[in-house]
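Just one chain follows, in the form predicted on its own, and it is written as structure tokens.
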């Protein structure tokens, strides 16, 4: 578990430096096996994490280790792990681009004809990847069920919560970071394109 903690501390530092984890926003997790998940505690600054800033929960979200309080969005992480058994890490950020685009989007965000789609193991840029946008809710149990249902229906590499930010994942912490970085780039492209079309002389 110490290895996963060290990786998440480093990723939290990197994400904070990029401006994607302001204040105490976001949450980071890694699957430990045997139905346990390591996740950042609620209210901690992800750019300055220590070993004490993590808790361990079981598959139902019940805390089994750690003195802090699990993130309120633990159930969303678990929804990803249950839907996609190959996933080893889930990262959630509050970047400006993902937050704004989630507010502007009418339905899913479609990413098409971008070379960087190959970062998801797609063999050609001539593909269309959908990023679902879920309405934000304080009812995490209901929201996690919506997420789990969608992830079981089709291949998805990340999702947005309205006015809230981006979730992405991978088989390892490092792959989750790489895919998050790719999605952030693509979402920023879509945001800039949308704004240029809406405000061509700005």
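Numbering follows the first chain given and starts at 1. As the structure is a prediction and not an experimental result, all values here were calculated from the model.
Below, we refer to the form predicted in complex with another copy of the chain, which is not included among the displayed structures.
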Checklist entry - Do residue 123 and another copy of the chain share at least one heavy atom pair within 4.5 Å in the model of the complex? => result yes
Checklist entry - Would residue 191 count as a contact of another copy of the chain in the model of the complex, using a 4.5 angstroms cut-off between non-hydrogen atoms? => result yes
Checklist entry - Using heavy atoms and a 4.5 Å limit, would one call residue 182 a contact residue for another copy of the chain in the model of the complex? => result yes
Next on the checklist: I'd like to check something about residue 94: if you look in the model of the complex, is any of its heavy atoms closer than or equal to 4.5 Å to a heavy atom of another copy of the chain?
Outcome noted: yes
Checklist entry - Okay, which stretch from 58 to 66, 31 to 39, 159 to 167, 145 to 153 lines another copy of the chain in the model of the complex, with non-hydrogen atoms inside 4.5 Å? => result 159 to 167
Item to check | Non-hydrogen atom within 4.5 Å of another copy of the chain in the model of the complex for each of 16, 19 and 112 | outcome: yes
Checklist entry - Can you name the residues of 131 to 167 that have a heavy atom within 4.5 Å of another copy of the chain in the model of the complex? => result 136, 137, 138, 163, 164
